[in-house]
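Given next are two forms of a protein chain, the same chain in both, each as structure tokens and marked structure 1 or structure 2.
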Structure 1
């Protein structure tokens, strides 16, 4: 799991490592203040590097976003089995896991929108979320279906896209509560 465990070539140069970390820190800060659609120049400037450097380390915006949020996505994925164990029923576990997912999404301005978009530049982002979260969601969903608590005609991917969509622009409108809508959606799953 160590970063330096890259297959063949030698390790990165020291300045390259420093710059990559600086970019991650800068991006995390800028994403909070300006959303994940913030101008590339702003991130580069905050990190104190040139345009060329940011594109060398993170060829697409999606690569940068994934790098910044990887740990949180992984944590969400890993929380699934534990919830399934600890909860009174699979449906309760589903409800709790969805809460985790929603909490993550609504605090990342613009992320939910990027997730739904099929812009080629977001391919990596899309793939990371699908690969890491769909299996977990599917596991919970299957358990709830097996327990007869929810209808069987919905897939993990489609449910997660629906939840993601409900979280789009959720932080821009005080009259709209994404958590409540997601709650209704999950309620609609009940048999």
Structure 2
């Protein structure tokens, strides 16, 4: 991580923040399309920055992987309230959020595999995932339940775990459509 970001009271320059954001978005997209071991130059090209910029922000591949994971968790968590406000109904918000969550999970499995050798880091990231995404999912579920759109006998953790299980290894079998099965799961929540 950039040293200036670690020092209290010292904010990153606006261009440094934009570069970091572009790098995280580009790295997430490249990891989905080319895998965790994609060349750093591919990420730099997609982000429109030089290799030095990547290494200045993320000195090691592990630093980049951890940052992408946290970035994606944050984006998925932030999307929940926005979807609730902008969607025609809480059920529509839930359906759209689940799509984002599924997109995240496809990348998450690759990230988890890359972090497999560092169990302590993975446990910390898993806790970050739970702490940020379960409350978001719960907020959307509660709104849909209150609107009478879905069953009341499902919890956020349970739903997210079910979705996660449907997404495991989805990228390893072209005949398996995890998104379709997750859609069936969410449709089954309707009252």
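Only the largest set of C-alpha atoms that superpose within 1.5 Å between the two forms is called the rigid core. Numbering follows the first chain given and starts at 1. Predicted, not measured: the structure shown is a model, and the values here were computed from it.
- Between the two isolated copies of the chain, the form predicted together with the DNA corresponds to structure 1.
- Hinge residue, chosen from 46, 141, 83, 68: the C-alphas switch from fitting one rigid part better to fitting the other at 68 when the forms are compared between structures 1 and 2.
- Rigid-body analysis on C-alpha atoms gives a rotation of 70° for the smaller part relative to the larger between structures 1 and 2.
- Superposing the two forms on their core, we find that the Cα atom of residue 32 is displaced by 6.4 Å between structures 1 and 2.
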